[in-house]
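Just the one chain here, the form predicted alone, laid out as structure tokens.
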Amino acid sequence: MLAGLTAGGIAEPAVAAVLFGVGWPIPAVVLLIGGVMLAAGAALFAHTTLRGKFRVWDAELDRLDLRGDEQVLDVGCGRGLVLLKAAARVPRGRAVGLDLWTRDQSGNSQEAASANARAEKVADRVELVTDDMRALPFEDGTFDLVVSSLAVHNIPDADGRAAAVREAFRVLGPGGRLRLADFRNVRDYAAVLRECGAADVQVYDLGWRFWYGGPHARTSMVAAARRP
């Protein structure tokens, strides 16, 4: 997607210049405006990918004010962006990352996540599990915190996504907290959590730093907790 936005941001102004040259100003202006919008979208996309989402998750995890001994699960952890940030905040705890390691994300693999954990010096408290988020291989109430970033929407059917959200809540212990970021279906996730009896269910926008090209692809957070 980033490559497409970038290419459009370059090509459309170039075509606009040609149209100006042959005396077609109106279509030239339209193409120029479109090119500027595509270029801005590419810049936003690149910022989110390279910097914005990191800062957003840092802020979200900091607000949780973790003690440092929590058991954390990252559902659909990918290469470990959120998993390793959580692991750094639980030096006396454990951070488990679960994924099927499909190729929806560039370079997504268990080996990449493991290498990143070693690079961040948190490998001693990180465990990686290959399994399906719709049927988590953990006992009820295992974790103090469950997180997920841009993963649940990859499940193609609504029933499957609902199952994943129910599973994330099932493995949350009394007083545990859940933070699920996604750019699709977040209201549906919140509805499922309310049906499960979750407390303090909220949906809020994560701001422009988590836009994938513009406000049409904004990321929202679903926050909830299990009652003590």
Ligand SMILES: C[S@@+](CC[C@H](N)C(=O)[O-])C[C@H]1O[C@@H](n2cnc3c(N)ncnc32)[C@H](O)[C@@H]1O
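Only a predicted model underlies this, so the values are computations on that prediction, with no experimental measurement involved. Note that residue numbering follows the sequence shown and begins at 1.
Keep in mind that the form predicted in complex with the ligand is not shown, yet the notes after this line are about it.
The listed set Asp140, Asp157, Asp131, Glu111 contains one residue whose heavy atoms approach the ligand in the predicted bound form to within 4.5 Å, identified as Asp131. Contact with the ligand in the predicted bound form, judged by any heavy atom within 4.5 Å, is made by just one of Val90, Ala151, Val126, Leu145: Ala151.
The ligand is not drawn, but in the predicted bound form it has a heavy atom within 4.5 Å of Gly76.
Val96 falls outside the set of residues with a heavy atom inside 4.5 Å of the ligand in the predicted bound form. Using a 4.5 Å cutoff between non-hydrogen atoms, Leu100 counts as a contact of the ligand in the predicted bound form. For Leu81, a non-hydrogen atom is located within 4.5 Å of the ligand in the predicted bound form, even though that partner is not displayed.
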